[in-house]
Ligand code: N01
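Only one chain is shown below, in structure tokens, and it's the form predicted alone.
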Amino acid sequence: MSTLPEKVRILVVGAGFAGLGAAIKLDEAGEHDFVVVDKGETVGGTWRDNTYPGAACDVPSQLYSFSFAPNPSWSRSFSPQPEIQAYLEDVARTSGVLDRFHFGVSVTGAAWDETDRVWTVDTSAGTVVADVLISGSGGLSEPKLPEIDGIEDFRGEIFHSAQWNHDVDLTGKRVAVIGTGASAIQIIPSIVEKVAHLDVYQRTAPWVMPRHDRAYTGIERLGFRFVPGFQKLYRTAIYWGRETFVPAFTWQPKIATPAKLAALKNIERGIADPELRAKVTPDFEIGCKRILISNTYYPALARSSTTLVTDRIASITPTGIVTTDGTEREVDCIIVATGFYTTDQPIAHGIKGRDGRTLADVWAEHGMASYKGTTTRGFPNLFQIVGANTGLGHSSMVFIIESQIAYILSALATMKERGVAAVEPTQQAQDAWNTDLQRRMKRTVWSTGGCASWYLDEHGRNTTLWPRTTFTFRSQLKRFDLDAYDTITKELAS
């Protein structure tokens, strides 16, 4: 691995879908003076780190890949984690950009130098000066541990789902899973048969739809590999099918009634006990929280060796978990599946803008707010992929990532063409963008569905999701709109 350079035109943080995609497209556009840094030891990001049993994507395989690098080798309609990771490693290996990736490198801080119009970025491998900083660290990169009294005193094994300890053998153990989100509903069916007893701690019952997963036939896989346009046709059909979900999320939740009935049928099919059925039936509108998919979650809860606990956790002792009703359940291992920092992204605490304040400081006042989810007032030449209000509840984030990469490339080309050294969105443009977003958000199921979720920040604002169609997002970011930005020309910068 080469030494991290002291000066570079573009520094990319993160080597997941965002960072890898940015690197490939930068190279294709002739922007060769860049480096990518990542704290891990290979590409993959979320899919490299989340290796828990049962890890798989809940977006169809054909959508969960780069449009410019289709994968004819998917084995199933929903890809398991090892296949996604192998895909990303293969794309990286064949793209010709890995020579500019530096792994095992953590970013510890970054500050905008107003005098020289550059970013000074401190890393574990030294300081790098960059004209442009692209953050591709993502919203699902930093595991979030619950604040539970006594958690540090537990004498058994305890780990987060995103930091799975593969050295721990769960066979015959008493295990507790805290959380019933997307990771938990994959973990629980995968370990329930090997553990002696499983306690599942549920704060809120999720809506769980049937998982229509199947292995691709040999004919389909041959078609993907050898028939021109065949795989693209699959991808296109799935894409537009997913877009039909948008009105139910953003306009009229009653449209989702068939999905709600299917989810209720999923409970009925998987659980016979009326009391347990009642515990797992959500009391909010479907879509208000992330909709999950599984055929095996409810049967796992219905096993005699599983206990669903709905009382709140009061504390953790050296040997077990105590709930608010006073019951202590002894366990050998605790698996924490409580999600990630999404509305308070850790990287934001280390990035200082023009006035010396961090992104976290700026966002603490009113919540995450950027322009087009990509640039932020006060932070010149900072581009964030998967930033504020770019998340999805229905389709593939890879589509969003590619849209943002295209916008960044357009920005870089425009800057070069116009002789611009630095850009940052005007306050007026950023305010108008976010005012429209929050106006649209008020009528969505995420605001009217009667639930609290990780979509919402401490102010009760949804700063996570995009409240329109993905093709609308792409059209909004098709071209870099220089008139929405304050600029510094290269003459002034020098």
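All values derive from a computational prediction rather than experimental measurement. Just count from 1 along the sequence shown to find any residue number.
The same protein also has a form predicted in complex with the named molecule, omitted here; what follows describes it.
Only one of 118-126, 286-294, 98-106, 411-419 places residue heavy atoms within 4.5 angstroms of the named molecule in the predicted bound form, namely 286-294.
Screening 339, 253, 270, 380 for any heavy atom within 4.5 Å of the named molecule in the predicted bound form leaves a single hit, 339.
Just one of 351, 405, 178, 388 comes within 4.5 Å of the named molecule in the predicted bound form, counting any heavy atom, and that one is 178.
Within this chain, residue 204 lines the site of the named molecule in the predicted bound form, having a heavy atom no more than 4.5 Å away.
Not displayed here, the named molecule is approached by residue 57 to within 4.5 Å at the level of heavy atoms in the predicted bound form. In the predicted bound form, residue 359 stays away from the named molecule, with no heavy atom inside 4.5 Å. Residue 182 belongs to the set of residues with a heavy atom inside 4.5 Å of the named molecule in the predicted bound form.
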